[in-house]
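Let's start with one chain on its own, the form predicted on its own, as structure tokens.
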Amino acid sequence: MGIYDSVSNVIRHFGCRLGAASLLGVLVLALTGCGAFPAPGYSEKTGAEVMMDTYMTFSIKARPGENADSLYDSIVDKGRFLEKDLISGYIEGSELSRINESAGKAEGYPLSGEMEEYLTDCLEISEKSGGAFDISLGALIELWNLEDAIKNETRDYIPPADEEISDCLKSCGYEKIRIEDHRIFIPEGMRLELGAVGKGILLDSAGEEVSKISSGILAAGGSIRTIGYKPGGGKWNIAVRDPFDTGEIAESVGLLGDYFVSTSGDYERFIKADDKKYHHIFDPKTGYPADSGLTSVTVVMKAEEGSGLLSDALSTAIFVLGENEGRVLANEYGVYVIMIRDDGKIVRYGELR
């Protein structure tokens, strides 16, 4: 099989090898054509991994002289290092866990170069989004405990009380984070959480190998990186799920080259209690799941003009801000956005370059 054929039960076949890799909010549609084989001098590799609590698929065709197996392994190794050693707040000994353990300490915590760059970028986006994107909500996320409830399919979930949320918000707020002389200082009770940008960071780390890849798709949950052109030439067809019928497609975009695509939505990771839906994207101002009139936001940007971290953060921020303020933020960064309202209407904004 070619690199864009089935790697698991999420790939569907339609006649001449039409694969649709199902992700959070997006579908990767790759038409390879019947009987396609690697060109001489090219090697290919496709695989599926579970990292960052997410199903991921990586499909690459290496340039002549490069080895696809080695490139694939390098991408996976980078991802596992990021999760285990740097950005997971739930793995003991990771840098983020140690930062959270330093909360309230006068000496703060000495940052690695990579982590300082990630956190600085996150704080800049927080500032520009008016706090709609905020990495300081770890304690709030733990208070709601939605992820465990969703995984365990809890039937009697009880959301936290208003007083608990209000009290928890006192220890949150990106503006309380200080980075100085390569050290970070966070107040007592604050916990940083990078889950909203972790997959984008992984796709950024893979960028070191992109020059060695002729074409490929790196798909990490709701975050995608396209490289080059699809087999046989032409654009990658990236489709956005219909949030009201996740087996259907609401919209699609054709991309040629190195792009990041990130989707944030309220329709896959949620739980219902007393006939009310509680999803995992929180509004930092209220402490409750965001209620902005949007059910899905997809951000598309050229890799040379941004990053996977930025793409991820913007999809979250725009989801929280809603359509009107979201347009302002999208315009500031010059990205193309597909917003799906709660009423099902699709709103497109920006230029797809």
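Since we're looking at a predicted model, the values are computed, not measured. Residue numbers run from 1 along the displayed sequence.
Below, we turn to the form predicted together with a small molecule, even though it does not appear here.
Trainee: Sort through 178 to 186, 248 to 256, 103 to 111, 141 to 149 and report the only stretch with a non-hydrogen atom within 4.5 Å of the small molecule in the predicted bound form.
Mentor: Going by heavy atoms within 4.5 Å, the stretch is 141 to 149.
Trainee: When the contact criterion is heavy atoms within 4.5 Å, does F282 count as touching the small molecule in the predicted bound form?
Mentor: Contact with the small molecule, yes.
Trainee: So in the predicted bound form, does any heavy atom of I87 sit within 4.5 Å of the small molecule?
Mentor: No, I87 is distant from the partner.
Trainee: Heavy atoms within 4.5 Å of the small molecule in the predicted bound form: does R269 have any?
Mentor: Because a heavy atom of R269 falls inside 4.5 Å of the small molecule in the predicted bound form, the answer is yes.
Trainee: Please tell me whether any heavy atom belonging to T316 falls inside 4.5 Å of a heavy atom of the small molecule, as the geometry stands in the predicted bound form.
Mentor: Yes, contact at 4.5 Å.
Trainee: Identify whether the small molecule in the predicted bound form is within 4.5 Å of every residue in the set A132, L137 and K199, based on non-hydrogen atoms.
Mentor: Looking in the predicted bound form, the three residues A132, L137 and K199 all sit within 4.5 Å of the small molecule (heavy atoms).
Trainee: Identify, from the list G195, G173, G228, G207, the residue with a heavy atom within 4.5 Å of the small molecule in the predicted bound form.
Mentor: Only one listed residue qualifies here, and that residue is G195.
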